[in-house]
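Take a look at this one chain, the form predicted on its own, written out in structure tokens.
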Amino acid sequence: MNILLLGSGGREHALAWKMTQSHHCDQLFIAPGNAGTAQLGTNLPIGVTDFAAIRQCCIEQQIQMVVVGPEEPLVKGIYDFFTHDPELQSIIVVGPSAKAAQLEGSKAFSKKFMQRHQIPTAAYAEFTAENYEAGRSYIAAHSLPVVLKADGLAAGKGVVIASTHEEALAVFEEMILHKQFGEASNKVVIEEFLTGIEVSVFVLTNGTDYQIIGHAKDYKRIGEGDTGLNTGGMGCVSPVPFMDESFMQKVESRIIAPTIRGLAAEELTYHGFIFFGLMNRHGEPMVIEYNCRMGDPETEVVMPRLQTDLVALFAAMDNGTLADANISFDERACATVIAASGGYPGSYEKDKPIEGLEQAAAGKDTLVFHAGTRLQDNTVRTNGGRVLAVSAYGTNITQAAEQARQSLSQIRFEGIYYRKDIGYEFEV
């Protein structure tokens, strides 16, 4: 079949890499894609929320499946756009309806959903400009640290962990009164800070049945030892050693299964990935957040370990046979290390020529996924804050991370920065 993949990051390159291994994939188109995806299919200059252009592409290229990488088109209703169009409704769309995508698109919606279905999560309250003073009082009486979240999508920047009441009140004012994130911060969710280790579990579901396709731990902070500013993720490892059978049984029985039952009970149409952002709190899993798509850089370790045909899984999701699918994994560990532009996550320069890609990719058991890159005059150039994700296999996380770093050390561009301690707490 002809497949259209929406997105341009490392997640999309990893998905493209996995899908092109399937005999079900005839032609792959990526919109807009990057220099890496161009090696696997045809990049198209179409924005991920340009539904009219996406529609035209699907008709012209006889697309039979659309895989949605990022969250914005999902929250804006691309699934509904396809299902309500007579010329598009036969196309398989991998992604939830707009209503179901509120699990990611609205922090308040997801919190209420978890409460309704007794899914363990942090205590919270929500406030708007109308009850602003009540919010200030709530913050002043709250234990520290306290977490403030813009309700809507804020490009990964809408969460602040405040260590003082003064900081929390200033952030609250900035979000609500000064519209720091526009409409996304019209409502602010304030919740207790959970201590523990963050991990992620990934599920493919049709809204009734599901399959767990992987789990991972990512590293959000820019600095080694998990210091400095939050980023979109500087590296990732899988499998996570403490996520043994006992822990995963808790995740499945207390979180995944009740979530899927909740979707069905509330008649929320969901055909796609669910990303469960979890906190391991003294061996007990709690939900930090839902995302309605795969994560980045988690995809860059989950896809290399998944041995099942991904396109076949999407077809099973669509035709009702997902429960019968056999999921198998590469037993090796996988680690990915992100190469970022100098200055990221603050201001950074683009358009730096990248050297050493072929040498890095030639490393044993190494994969180089492009994130923020573009191709100009046969030269790959930087085109984002997170530029590349170098993934590698190993017998354990330490070996995988070391292999990824060795391969990454062969890549050069002006200002290149990467953490050298990904997987540090699992060293053997």
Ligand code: AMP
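Here the structure is a predicted model, which means the values were calculated and not measured. One-based numbering along the sequence shown.
What follows is about the form predicted in complex with this ligand, which we do not show.
At the 4.5 Å threshold, heavy atoms of K350 stay clear of this ligand in the predicted complex, well away from it. In the predicted complex, this ligand lies within 4.5 Å of some heavy atom of I161. A residue is said to contact a partner when one of its heavy atoms sits within 4.5 Å of a partner heavy atom; K112 fails this definition for this ligand in the predicted complex, lying far away.
Although the partner is absent from this view, E192 contacts this ligand in the predicted complex, with a non-hydrogen atom inside 4.5 angstroms.
Annotated contacts: K107, A122 and E198 all touch this ligand in the predicted complex [non-hydrogen atom within 4.5 angstroms]. Residue heavy atoms within 4.5 Å of this ligand in the predicted complex occur in exactly one stretch of 141-149, 80-88, 333-341, 167-175, and that stretch is 141-149. This chain is displayed alone, yet in the predicted complex one of K220, K179, R116, K250 has a heavy atom within 4.5 Å of this ligand; that residue is K220.
Note on contacts: among I92, V203, I288, L310, the single residue with a heavy atom within 4.5 Å of this ligand in the predicted complex is I288.
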